[in-house]
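What follows is one chain in structure tokens, specifically the form predicted on its own.
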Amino acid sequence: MTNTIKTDVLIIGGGPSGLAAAIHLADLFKGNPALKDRKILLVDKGASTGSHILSGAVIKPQVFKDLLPDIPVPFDSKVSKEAVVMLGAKSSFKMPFHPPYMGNKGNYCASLGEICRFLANIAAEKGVQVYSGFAMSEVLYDEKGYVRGAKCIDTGVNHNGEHLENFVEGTSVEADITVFAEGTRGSLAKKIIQKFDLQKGRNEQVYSLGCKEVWAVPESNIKAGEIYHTMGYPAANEHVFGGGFIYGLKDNKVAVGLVLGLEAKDPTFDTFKAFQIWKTHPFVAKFLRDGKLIESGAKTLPEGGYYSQPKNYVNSALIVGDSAGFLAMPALKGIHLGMYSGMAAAKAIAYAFEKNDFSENTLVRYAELIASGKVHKEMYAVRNFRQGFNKGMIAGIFHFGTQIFTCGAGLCGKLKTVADDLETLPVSAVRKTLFKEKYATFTPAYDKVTAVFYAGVSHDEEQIPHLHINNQEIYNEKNIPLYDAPCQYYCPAESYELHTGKNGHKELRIHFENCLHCKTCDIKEPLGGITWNVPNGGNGPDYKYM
């Protein structure tokens, strides 16, 4: 028998946007006598709140003052010094000014996982039911086709889909309104975007992959609140957008990371390896000298901006945060925007309950609140930024310059994007593969499997693999011979291995137990070759201070 529970509002995802929605909605319900008994249920797939949260992170604090005006927030340290540095192969040049939108005066370094744990406690205190370790794998619909909630993944199922003795059918959670706050490339948000054609008339969303580490370093290496952003080496000449960051944290720690776009035409492009190469640059290496790695991880970011955002509401459902593309370039900041989107969603939900109408005719209020607030203003001003770099760094800088003087429009109007998987070329069409040839002899300090260990990854290896080849025949006929199975390169966790047998036959082997849940494979694999699904609840990385 199916186990079904009912609530008024279901929020899927315990990141900053989902938690902001829960907290603000709890306050709105409490302030309205007619709604004070409404229930809010928030579920997160991580083993604990924050265990799947990874971000730089330098945060704009105003959103926390708006959400929690009388409660101090546990930031790590206030930004005290900052610089943007251009890197050559061995050289470095500190820019004498900050590029527009990249200044961080008044901002704070933080562990976003710690912030989410703090917000989860606040939400629980306000009456929100917060549950971690529950993976929602299916969207539920009613007889009208409205979203009616979501269902947890079935557990006790082996590799072949057979029920084991400990089989438990996933719980169905029915709600009047469901909020999808799953982060980048949310698996359920992706389904409703496709089902209701919510990307129609919008640009394709484009993404980057960020690899990050936290190190313990000698006190003299860097001070808390001291931050640097780098551009250039090692990927600027390969028509790949992105750069690095170095953030000084309290207790003699430093966060370092490299964020590179997934538009690389070279199917062997490897962001993890680029990150390891970047760390050997003299400017970067000095901050890590005599240090010790504490944590490692990776995640993707939605970078398409204003024109790539899907319609973010349907009957009985809203999409918030990274799932809806609330990230502004070039500042590479989405935390405050995601939280503001969650707060706008809360206002729209309270309004819908007041009217007792959960159709999109009422929930359009969410989009109206976004359009009239801080989020639209910030994202619209840089609406063409990311697309301008599609042809490389020089073209991107030119486009950005024109956008600054035309309030974001540039000289060409709305610039288009191309989906990242469509950018990938066959190996034969690439003049020289960067990481398979140019950096073939580079030996990193440690490999991807070691990085997985430092991410605390754990999966139940008896379950159905959550990394799925969509069409094995097409994959064997095209993805392997034409593209050399790109997933074996771009995956930062070595979840994919191209095995060659004694007879020369090649086959892809999947090590889903390594997966960091970054979803790069779902985004980048040519011909839509791979789908990322949720594994059992509580599986995946276990980040502590990422």
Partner chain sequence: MSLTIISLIKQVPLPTEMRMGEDGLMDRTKAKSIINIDCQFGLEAGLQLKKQYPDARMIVCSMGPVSFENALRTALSMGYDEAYLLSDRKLGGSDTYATGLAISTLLKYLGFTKDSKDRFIIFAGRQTSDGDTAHVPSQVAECLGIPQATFVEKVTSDGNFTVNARRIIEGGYQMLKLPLPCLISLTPTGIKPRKPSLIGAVKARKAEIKVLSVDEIGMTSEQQKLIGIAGSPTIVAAVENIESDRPPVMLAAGQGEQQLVENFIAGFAKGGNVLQKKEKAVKEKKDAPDFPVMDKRGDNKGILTWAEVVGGQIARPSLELLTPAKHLAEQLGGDTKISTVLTGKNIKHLAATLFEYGSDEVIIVEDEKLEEYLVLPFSDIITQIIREKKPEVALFAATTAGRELAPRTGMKTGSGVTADCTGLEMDIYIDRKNKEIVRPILHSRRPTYGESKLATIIGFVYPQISTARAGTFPLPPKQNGRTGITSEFKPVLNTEDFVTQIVETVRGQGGLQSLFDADIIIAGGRGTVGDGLRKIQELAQALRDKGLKAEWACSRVVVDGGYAEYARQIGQTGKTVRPKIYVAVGISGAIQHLSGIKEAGKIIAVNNNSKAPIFNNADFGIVGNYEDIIPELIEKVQNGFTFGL
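Because the structure is predicted, anything quoted here is derived from the model rather than measured. Positions refer to the first chain, counted from 1.
One more form of this protein should be noted, the form predicted together with its partner chain, which is absent from this view; the next part is about it.
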Exercise. Within 4.5 Å of its partner chain in the predicted bound form, do 155, 173 and 499 each have at least one heavy atom?
Worked result: yes
Exercise. Which of these stretches, 75 to 83, 460 to 468, 343 to 351, 225 to 233, has heavy atoms within 4.5 Å of its partner chain in the predicted bound form?
Worked result: 460 to 468
Exercise. Does the 4.5 Å heavy atom contact test between residue 526 and its partner chain in the predicted bound form come out positive?
Worked result: no
Exercise. Do residue 371 and its partner chain come within 4.5 Å of each other in the predicted bound form, heavy atoms counted?
Worked result: no
Exercise. Given that the partner is absent here, does residue 196 sit within 4.5 Å of its partner chain in the predicted bound form, heavy atoms only?
Worked result: no
For this session: Would you check, heavy atoms only and a 4.5 Å threshold, whether residue 168 touches its partner chain in the predicted bound form?
Result: yes
Problem set entry | its partner chain: the contacting residue among 433, 129, 476, 359 in the predicted bound form [heavy atom, 4.5 Å] | 129
Exercise. Even though the chain is shown alone, can you say which residues of 503 to 526 have a heavy atom within 4.5 Å of its partner chain in the predicted bound form?
Worked result: 509, 514
